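Below you will find one chain, with nothing else, as structure tokens; this is the form predicted alone, and questions on how it binds or moves follow later.
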Amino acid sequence: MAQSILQMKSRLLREYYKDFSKYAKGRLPEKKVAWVTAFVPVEILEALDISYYYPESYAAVIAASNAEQPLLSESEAQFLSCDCCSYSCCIEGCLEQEKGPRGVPPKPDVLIATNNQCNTLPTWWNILAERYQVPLIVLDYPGEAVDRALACEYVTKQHRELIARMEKLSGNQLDPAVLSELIANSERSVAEWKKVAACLPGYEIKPTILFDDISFLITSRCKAETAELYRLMREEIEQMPAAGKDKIPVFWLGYPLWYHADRFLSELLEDFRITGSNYVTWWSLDYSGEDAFEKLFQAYNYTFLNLTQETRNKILMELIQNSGAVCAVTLHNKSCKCDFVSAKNISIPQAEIEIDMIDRTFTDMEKAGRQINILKEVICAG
């Protein structure tokens, strides 16, 4: 019997969280555990039967559970300024208090960070390495500005070294056929997710669905069930009513607000409809290539924030045009300055909101409301 969307989501979530303290009840994980940042080549870890967890993603879950404020305060009381990335502050508070909505992730045997997302993460991972006294591996992805052939050779060497170290850690040997199959799963997951995301401009759906359900593309992208989940989601969305034309189409530029029930400023955007978001494209990784190592290089060296500003501008303009948006709400995120610079030269009116994706106390809502009202007046006057 075919599984429903809800059953598939529940199964993937149970598998991911089963070793968190709330569910493990003191049992030790059966596998070795890696903590990873958002753009680590987890296909390698999956192929070697190593469990992996994303502290950043768990910070989002904590905020969505209305539990972040005590943990942010705890982190600041200990050693991290509130000006630091709120993901890191939230998780450090969680680890210090050993408390979270799903408990605490199982202790890592290894930490793996990358620089293809932001430069804060390797520094935060050093703090975690001190806490747990475990090895820290930082993968260096040179990005688009470096000669492709040289970059591929450099990254592939790191991937091979990662495999060797993870084989030693896990006691397992990597099967190239298994790795290729997992990469193929990731490709299919990305392809199906793109079809889901493409529905946003045309159907009467809340962006909340996309902001929340992209999580499976992060935590479970190389599992076969993920592509099937997204295929079913897309079929369900296509049965929904077509989007109305009575509201202003707006592009949401930046992170979702994890503490908000709708993940965006819905109370300030009653006259708008979000028809596009750059966030829901960030994990649409490109696994093209002749072999497994070239595919992994292509996917992880060319993440959006590892591209040149010129390329990012081009991608953003294409996303905005495809969305039909005539304006943007751009989040000047306290925690993620490198994302804010992605909003350069988008060529449509925008309201720039000082905000944070985790810390709900940071935003001046009255000021944000005024900025959005000005944006509305500009669009209506035009």
Partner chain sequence: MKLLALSGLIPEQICDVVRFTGGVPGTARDQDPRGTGRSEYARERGVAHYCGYAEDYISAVRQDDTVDGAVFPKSCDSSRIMANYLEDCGKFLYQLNIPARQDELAVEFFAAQLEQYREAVERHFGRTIADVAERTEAVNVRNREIRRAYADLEGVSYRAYLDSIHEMLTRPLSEQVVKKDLPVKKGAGKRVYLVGSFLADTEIAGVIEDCGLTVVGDDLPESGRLAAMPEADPGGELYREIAACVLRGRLSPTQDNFRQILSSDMKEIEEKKADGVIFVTQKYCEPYDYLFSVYKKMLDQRGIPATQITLADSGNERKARLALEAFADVI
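Positions refer to the first chain, counted from 1. Quick caveat: nothing in here was measured; it's all calculated off a predicted structure.
Another form, the form predicted in complex with the partner chain, is not on view; read the next lines as being about it.
- Residue contact check for residue 345: one or more of its heavy atoms lie within 4.5 Å of the partner chain in the predicted bound form.
- Not displayed here, the partner chain is kept clear of residue 247 by more than 4.5 Å at the level of heavy atoms in the predicted bound form.
- The partner chain in the predicted bound form is approached by residue 140, whose closest heavy atom lies within 4.5 angstroms of it.
- Not displayed here, the partner chain is approached by residue 362 to within 4.5 Å at the level of heavy atoms in the predicted bound form.
- Site residues 37, 66 and 266 are none of them in contact with the partner chain in the predicted bound form, judged by any heavy atom within 4.5 Å.
- The single contact residue among 180, 284, 288, 126, judged by any heavy atom lying within 4.5 Å of the partner chain in the predicted bound form, is 126.
- When you look in the predicted bound form, the only residue of 219, 115, 298, 185 with a non-hydrogen atom within 4.5 Å of the partner chain is 115.
- Of the stretches 100-108, 211-219, 131-139, 230-238, only 131-139 has residues with a heavy atom within 4.5 Å of the partner chain in the predicted bound form.
- In the predicted bound form, the partner chain lies within 4.5 angstroms of at least one heavy atom of each of the following residues of 154-168: 154, 157, 158, 161, in sequence order.
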